[in-house]
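Okay, so we've got the same protein chain twice, two forms, each given alone as structure tokens, structure 1 and structure 2.
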Structure 1
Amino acid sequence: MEEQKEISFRIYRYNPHFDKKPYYDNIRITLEKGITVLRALNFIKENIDSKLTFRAFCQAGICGSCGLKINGVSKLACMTQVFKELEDSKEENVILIEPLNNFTIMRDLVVDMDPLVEKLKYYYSWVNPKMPVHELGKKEYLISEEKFQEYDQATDCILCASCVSECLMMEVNPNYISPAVLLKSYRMNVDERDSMQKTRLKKVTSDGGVWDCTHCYKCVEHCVKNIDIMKGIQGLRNSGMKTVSKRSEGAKHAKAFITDIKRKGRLVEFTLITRTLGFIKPIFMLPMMIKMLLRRRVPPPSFMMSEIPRIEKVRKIFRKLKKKNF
């Protein structure tokens, strides 16, 4: 007989028709080693509570339906072993099951995925074929291994939305493009079969786009397919700087950073806002600035900031980068 354990599943429940607010159910079941969280949920639905509502389909980690928060972390229920998960449980033999963050909850563990689809559409997440329709299917493009490698990994994405759920920027701004759609945009933009790189890049580099990413790396950390999403984000920023958006706020912000590091070895936050946004927009931020002033949270101006010790070393790095055409 295989090892067995009695385990409590503490599951987030909410039916908008009946419940004023969400609550947690505790369901205890005995499971043997080797059972996935999805199998446990299926067991509960079939034998204990048929009202428990969640999405699941392929059960093999490729369709992306069963994204959930398990013990607070976004992942696929079908790829998560119950016994392994117990090692991370805060309470002994208790597993916490909740819906993904940053989405509207429709019922229990089911969230509304439509906003993600809308973003895919808004940011042109497709190859816009160079060929006219009547030419399609006649001959292959020849694609070098090098070009192929640029987008191959990005096409692993199954849109499970674990990255969207973990993204800190999404929490602040629900209209933010999201890591998944950034990855798609990058994947399309490096594909030589596509004909709308510039248009896409313009959109991606405007408000709520690629410049809003805060580099928290949570998307990379939690990608169930281990995709280096940040490589895509950096790639988009690089092309943005080079082509469409030299004058965009994001690009100016990045440039200001670089200038400061070169000059002082650290950030001069006092003038960062005006260098990024100009002089008009910050007027609307005056109340916040006054508040900051009163609380003595205003950073010192440039002339009061000295260079960091051994600034020469930093500048040396810049010289090296310049040599390499960065």
Structure 2
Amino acid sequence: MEEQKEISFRIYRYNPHFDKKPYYDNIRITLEKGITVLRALNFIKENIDSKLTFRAFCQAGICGSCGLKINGVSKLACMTQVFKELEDSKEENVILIEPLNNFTIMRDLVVDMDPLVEKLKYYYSWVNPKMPVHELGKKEYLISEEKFQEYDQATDCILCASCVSECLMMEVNPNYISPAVLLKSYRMNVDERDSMQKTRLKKVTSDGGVWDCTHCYKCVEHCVKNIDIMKGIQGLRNSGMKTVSKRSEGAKHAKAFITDIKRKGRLVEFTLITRTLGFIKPIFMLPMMIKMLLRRRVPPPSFMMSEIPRIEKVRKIFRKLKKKNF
């Protein structure tokens, strides 16, 4: 006989038509080992509380509909084992179920995905074929295996939005493009059948785009398909540096970093603002700069900073990257 346990599901509840504020509902059920969180939620809805609202469809980790926060981490409910989650629960035999972060909650565990869909539209998250319209459907548009491997992993994205839920920049700026859309943009831009690379890159490298990523790696850590999203983000940055955004603030910021590391092996923060923003915009930052000066938090100028030990090894790495046209 399979192992069984009585488990308490602490579920986030909120119906904007009736509830003044959200609350948590504790529902205890007995489950056997091997049951997923989604099957448990289905059991609760079918046998205990038919008003419980959540999204689900394929139940096989393909559609991405059942993205939730389980014990504080964004996951797919259909791929998450109840007994496995109990190992990480803060309270014994209690599993916390909440809606995804960084989205407006519509009801219970259902969030409004429309803003994400609108971003996918805005950043042209589809292949616009180079092939003339009258040729479409008449023959295959073949690409090499080598070229396909560049974005093969990115095609595994199911838009479950777990990466969006965990993204720290999304918490600060809801208008940020989001890691999911950046990955889609990379996937489309690398596809040699696409004709909108420059147009898409121009949008992706604008304000709120790829340069706003803080490299927290939360998206990679919590991707349910184990996609290296940062590889796509870095790919977009590299393309942007080479094409449309050489004069953008993000590109200037990245170039300043590279220059400093190459010269001294450390960042020269004293001039970083002016090299990135020019000399006019920093004027509006004077109050903050004065506070830093009074607190003796102003970094030293370049001539006061020495090179790090073994700087020549760092420069050797740069020379190798240059040969590879990186």
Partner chain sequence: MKQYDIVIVGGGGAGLYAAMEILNTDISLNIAVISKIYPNRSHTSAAQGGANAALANKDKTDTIEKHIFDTIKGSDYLADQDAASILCEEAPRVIRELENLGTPFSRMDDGTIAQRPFGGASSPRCCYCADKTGHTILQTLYEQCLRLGVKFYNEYFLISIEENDGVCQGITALNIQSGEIEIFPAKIVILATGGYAKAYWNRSSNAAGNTGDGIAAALRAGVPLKDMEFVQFHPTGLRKSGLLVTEGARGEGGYLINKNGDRFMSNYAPEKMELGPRDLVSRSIETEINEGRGFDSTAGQYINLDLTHLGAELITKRLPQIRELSISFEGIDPIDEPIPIRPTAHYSMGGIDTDKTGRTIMKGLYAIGECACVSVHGANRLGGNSLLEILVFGKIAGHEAALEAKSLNSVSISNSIIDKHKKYFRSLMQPSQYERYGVIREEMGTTLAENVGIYRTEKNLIQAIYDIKKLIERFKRVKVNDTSTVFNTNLVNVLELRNMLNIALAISAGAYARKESRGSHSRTDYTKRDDVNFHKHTMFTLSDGNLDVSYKPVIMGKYELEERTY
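Think of the rigid core as the biggest set of C-alphas that the two forms share within 1.5 Å after superposition. Numbers follow structure 1, counted from its first residue as 1. Note that the structure is a prediction, hence the values are computed from the model and not measured.
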The form predicted together with the partner chain: is that structure 1, or is it structure 2? 1
After the core is matched up, is the C-alpha of Gly64 off by 2 Å or more between structures 1 and 2? no
If I superpose the two forms on their rigid core, does the C-alpha of Phe303 end up displaced by 2 Å or more between structures 1 and 2? yes
Did Phe270 shift 2 Å or more between structures 1 and 2, C-alpha, core superposed: yes
Once both forms share the same rigid core frame, by what distance in Å has the CA of Phe279 shifted between structures 1 and 2? 2.5
Any chance you could measure the C-alpha shift of Lys313 between structures 1 and 2 with the core superposed, in Å? 4.3
